[in-house]
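In the form predicted on its own, a lone chain appears below as structure tokens.
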Amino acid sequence: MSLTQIATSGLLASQKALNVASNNIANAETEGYSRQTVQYSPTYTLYPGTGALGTGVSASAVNRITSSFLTAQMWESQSIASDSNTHAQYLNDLDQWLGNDNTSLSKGFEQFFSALNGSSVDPYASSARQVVLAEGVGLAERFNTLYAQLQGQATMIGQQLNAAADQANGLLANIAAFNDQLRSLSTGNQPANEILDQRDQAIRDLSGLVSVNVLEQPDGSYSLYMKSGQPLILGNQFNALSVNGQVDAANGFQLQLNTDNSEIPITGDPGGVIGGLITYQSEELVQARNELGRLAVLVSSEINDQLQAGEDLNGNSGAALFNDLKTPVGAVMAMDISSTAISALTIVNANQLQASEYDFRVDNSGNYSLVRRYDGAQVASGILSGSGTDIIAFDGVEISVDGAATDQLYRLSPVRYGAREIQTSLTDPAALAFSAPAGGVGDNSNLLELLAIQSKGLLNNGQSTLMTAYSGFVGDIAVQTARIKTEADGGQALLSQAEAAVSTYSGVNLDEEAASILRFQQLYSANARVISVARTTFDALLAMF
């Protein structure tokens, strides 16, 4: 081995180091790029054991500087931050609508009862009666508007879920393809640092949509699983995500995993943006729809019952101001095509209503159970009679069930659409029955009973008035909003910390790379100098002969 050959190996190694440092600098702003370094190793040794003599250096590999622990932590943090941030955005919108004067029910109740109070001064006055009708319309429209906003959110959730599932499927396909490429390159022992970075970045993007568990295989491929355990990627094969359901389905929109042989529903919180959407849909959105519906049914029931107990200006029996919500639209949803047993659902006592939906099941022996979904309480159970029609009562509601039914599954939603359906049915001010029967024109005793509704304990075992029930609901949403905002802030802080840790470990430091360039340049010059010395020495030797 000559001096020139040894120096040449040094030249090549330092040139490679310069290239790697330059590549680091060029990719300093590339998302997901990991810093690379050259791994040196001495070449073979001459005369081992009898006067070992080195033969130079080899730049044997270009290593990617990463930490699997820090990378996995960043993926998890990304999922948590996206989940809580998405959840917080929707909940914040709901919180603002409920408290806004233009949509708030508090304002609507206040204006409606204020109009009634104004009419009490002169119950005969048509202008004051007209104001009562107008405020009744206004109150119903506030319910309708809030429901429409919730429905708009539900529609948007479906659109976002579909878009997120499509985006996730694209990333799953890319990651599976990267697995395939990496296995191929690994077989040929070729460096694949850029592909490794791209795969890690794709997993991070996927984690923003749905939380994943990543397991590295001996061949270098990654297997990915949902948090609930279902496989997303095995080698170069992946299972696609899809969204089924619709806005008014019993469970709204649901995520599912499509394998070769089956479609697997994904239950619980899958994490990421998809998790945030599904959590909001199944918790606060359902809660809000049912609570607003309960109040709509109650106010309709209370005002109508009182008006119908009085007499109008023409001496006629009182008529209802609002439409009847005691036989609710869309309240009975069969969960399968064989469920045909329930023939009717009727609200019999609005004061006992709960802001909840219910699951009604009948087994193959006619045993039934009815579970309130809000708190999981079983509110009714027993065995059907075996013939005729059975009436089952719970929480102010009655259902008519075929007594011979078996194998039935229903979702019952007595108040789900109350805020959508409420409207006024009176247009003639004189038809408002403010007087008691036989009270005569000018009597306002029934009007005073109407005004008393405002301060009556009508809900929650007599503990809540219309106003306090609504205020309590708004307060509950405000507390939940504050909580999820705190979680979102915490999730973002956690993600920032994880990003900083990864950047510190794997990111490109320009000062450090600049120093490396100078060092490798000196190394290159020194090896070139050795070649020059070798040539000078060789020329001197030739001159001796």
Partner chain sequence: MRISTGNFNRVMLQVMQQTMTDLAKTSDQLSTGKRILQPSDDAIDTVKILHLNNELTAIGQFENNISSVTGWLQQQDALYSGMNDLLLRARDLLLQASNGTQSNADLKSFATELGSLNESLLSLANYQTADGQYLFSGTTTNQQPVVQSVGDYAYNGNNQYRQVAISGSAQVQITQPGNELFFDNSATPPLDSIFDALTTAVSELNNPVNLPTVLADTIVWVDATMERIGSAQTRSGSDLNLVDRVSESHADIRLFAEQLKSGIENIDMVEATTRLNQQQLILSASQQVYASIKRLSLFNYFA
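Residue numbers count along the first chain shown, from 1. Predicted model only: the values in this text are computed from it and were never measured. For the two forms, the rigid core is made up of the largest set of C-alpha atoms that agree within 1.5 Å on superposition.
Another form, the form predicted together with the partner chain, is not on view; read the next lines as being about it.
- Across the options 372-380, 297-305, 212-220, 468-476, residues that bring heavy atoms within 4.5 Å of the partner chain in the predicted bound form belong to 468-476.
- Taking the partner from the other structure, the partner chain in the predicted bound form has no heavy atom within 4.5 Å of any heavy atom of residue 284.
- Not displayed here, the partner chain is kept clear of residue 225 by more than 4.5 Å at the level of heavy atoms in the predicted bound form.
- For residue 496, a non-hydrogen atom is located within 4.5 Å of the partner chain in the predicted bound form, even though that partner is not displayed.
- Interface membership of residue 92, defined by any non-hydrogen atom within 4.5 Å of the partner chain in the predicted bound form, is confirmed.
- Interface residue among 444, 77, 239, 413 relative to the partner chain in the predicted bound form, by the heavy atom within 4.5 Å criterion: 444.
- Contact annotation: of the candidates 368, 113, 253, 147, the single residue with a non-hydrogen atom within 4.5 angstroms of the partner chain in the predicted bound form is 113.
- Contacts between 91-121 and the partner chain, taken as any heavy atom within 4.5 Å in the predicted bound form, involve 92, 95, 96, 99, 106, 110, 113, 114, 117, 120, 121.
- For residue 520, the Cα coordinates differ by 2 angstroms or more between the shown form and the other one after the core has been superposed.
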